[in-house]
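The same protein chain appears twice below, in two forms, each given on its own as structure tokens and labelled structure 1 and structure 2.
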Structure 1
């Protein structure tokens, strides 16, 4: 009964916390390794249990190669989403040879008529990431500078 309560509380905390700066976005708990001895907290009467568990998380790293989908096209760049990360910015300066084409459905176009527009999947390299404490989420800055990067 106690184990179940601890497991439920662990998963609840895990789900609520959503992400941390070091580990990235929490996806799922995979195994519960051990539950240590409980310690009573003097003033509140709560009991603290050290719990060791394995989990799967998602984190972007500088230099990582990933694929994202464009969800917003602006004059100076596009926003992509990749997995749980919603705000990935690809600046026009990091899209070599692509030019902004205005219109109802704005796109970035290059000489070979390759398009970067809404809902296009793009392979990019991560230049940097930022952790936002208040929103508990990551933002990233990415680039297409390099071979084999760009729309898929």
Structure 2
């Protein structure tokens, strides 16, 4: 009962914390290894338990090849989502052979009629990341320059 309550509380804390600079995004608690002796806080009456646990995290690194889904198309590039990361930017300068085509549903097209548009899955390489302390999230800059990268 106590172990379940502590696991539920850990997950609630993960949801509000989002991510850390060193570990990335917290996705799931895998094991609860130990629960220490509870200590009562004087002014609030809350009980704090030191907890040792393992969890699954997700963090982008330079050179990673990942897949994401386009959620916004702009004249100078597209924004993608990949797992918990919402702000992944693919500049038009990093999309070799793709040209912007304006319209009601703007797209990037290449000579082989391959399309990059909203809701398209794309394989990309990470060329840089940035940690935003206030938002507690990462931003990434990605590219399609390389073998087997682009729309899937």
Partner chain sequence: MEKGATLKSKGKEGSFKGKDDSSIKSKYGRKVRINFEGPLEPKTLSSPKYGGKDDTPFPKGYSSKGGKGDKIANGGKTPAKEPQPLELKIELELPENVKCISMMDCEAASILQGIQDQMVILSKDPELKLPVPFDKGLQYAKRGVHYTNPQSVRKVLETLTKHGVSNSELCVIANVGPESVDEVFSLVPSLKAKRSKLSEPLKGVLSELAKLKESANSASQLEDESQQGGKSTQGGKFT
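Between two forms, the rigid core is the largest collection of C-alphas that superpose within 1.5 Å. Positions refer to the first chain, counted from 1. Note that the coordinates shown come from a computational prediction; the quantities given were computed from them, not determined experimentally.
Visitor: The same chain appears twice here, once per structure, so which copy is the form predicted alone?
Guide: Between the two, the form predicted alone is shown as structure 2, not structure 1.
Visitor: Once everything's superposed on the core, is residue 40 shifted 2 Å or more at the Cα between structures 1 and 2?
Guide: Shift at residue 40: 2 Å or more after core fit.
Visitor: For residue 113, is the C-alpha shift between structures 1 and 2 2 Å or more after core superposition?
Guide: No, because once the rigid core is superposed, the C-alpha of residue 113 moves less than 2 Å between structures 1 and 2.
Visitor: Honestly, after the rigid core fit, is residue 93 moving at least 2 Å at Cα between structures 1 and 2?
Guide: For residue 93, whose C-alpha is compared between structures 1 and 2 after core superposition, the shift is less than 2 Å.
Visitor: After aligning on the rigid core, report the distance the C-alpha of residue 52 travels between structures 1 and 2, in angstrom.
Guide: Residue 52 is displaced by 2.6 Å at its C-alpha.
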